[in-house]
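We've got the same protein chain twice here, in two forms, each standing alone as structure tokens: structure 1 and structure 2.
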Structure 1
């Protein structure tokens, strides 16, 4: 009988722990489009470094390397252009 009580208390404690929502949640700073793009740029540059390392190690064929490198460079150029556009502000042209 006591094991049944212990199991019920353990179940109740587990359910409380899993489903309890505190009164105030910290969601972190709100991300802007520019901060998202900077993070994405860093990820693309890291992917380019990794791709170059894998190619130098002989793990990627030349044709695949050129295709992936071109794709990542195009993405990086697009991201950099959008960052530059956002930093200029609305209505301004280069």
Structure 2
């Protein structure tokens, strides 16, 4: 019958752990379009860094480098513009 006692204690401890929640809960920030865009911006910056590094390493000819850099910079600029627009709030202009 010892096992019954152990089982009862185990159940009580488990119920206490599961249902006794003192204090505030951690909910974390809501995922918004702006936070998503910041992630995209980081990814594009990382792509730019990689491109720059590969160019310096001599893997990419100058013409290719300029073209790809320009394309990535345009992408980053578009993202930054939308982040700026969202941060200013709806309806406002620069």
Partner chain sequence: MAELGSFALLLALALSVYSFLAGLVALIYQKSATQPASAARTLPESAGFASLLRRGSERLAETSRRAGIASFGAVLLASIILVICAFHDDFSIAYIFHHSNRDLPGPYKFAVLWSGQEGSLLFWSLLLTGYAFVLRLRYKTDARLFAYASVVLAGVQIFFLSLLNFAAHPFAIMQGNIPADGNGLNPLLQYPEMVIHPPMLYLGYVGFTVPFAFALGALIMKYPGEKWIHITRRWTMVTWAFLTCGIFLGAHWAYSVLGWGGYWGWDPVENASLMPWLTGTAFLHSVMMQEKRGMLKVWNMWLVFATFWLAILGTFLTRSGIISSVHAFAQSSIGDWFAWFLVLTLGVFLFFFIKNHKSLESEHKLESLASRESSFLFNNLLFVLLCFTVLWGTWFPKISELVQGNKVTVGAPFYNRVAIPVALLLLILTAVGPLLAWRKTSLESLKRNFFWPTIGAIAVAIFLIATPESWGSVFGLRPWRDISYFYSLMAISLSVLVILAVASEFYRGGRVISRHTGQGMFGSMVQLTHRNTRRYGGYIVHFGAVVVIIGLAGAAFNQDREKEMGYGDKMSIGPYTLLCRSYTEDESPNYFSQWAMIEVFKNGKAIGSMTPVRRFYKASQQTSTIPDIRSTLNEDLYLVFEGVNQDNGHPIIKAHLNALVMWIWMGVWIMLIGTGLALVPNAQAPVRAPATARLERAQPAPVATGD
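Numbering follows the first chain given and starts at 1. Rigid core here is just the name for the largest C-alpha set that superposes within 1.5 Å across the two forms. Since the model is a prediction, treat every value here as computed from it, not as a measurement.
**Q** Choose between structure 1 and structure 2: indicate the form predicted alone.
**A** Structure 1 is the matching one, since it is the form predicted alone.
**Q** Tell me whether residue 49 is among the residues that move between structure 1 and structure 2 (Cα shift of 2 angstroms or more, core superposed).
**A** False for residue 49: its C-alpha shift is below 2 Å.
**Q** For a quick test of reading the superposition: does residue 14 move by 2 Å or more at the CA between structure 1 and structure 2, rigid core aligned?
**A** Passes the 2 Å threshold, so yes.
**Q** Do you see a C-alpha shift of 2 Å or more at residue 59 between structure 1 and structure 2, with the core held fixed?
**A** It does not reach a 2 Å shift.
**Q** Could you tell me how many Å the Cα atom of residue 28 shifts between structure 1 and structure 2 when the rigid core is held superposed?
**A** A shift of 9.0 Å at the C-alpha.
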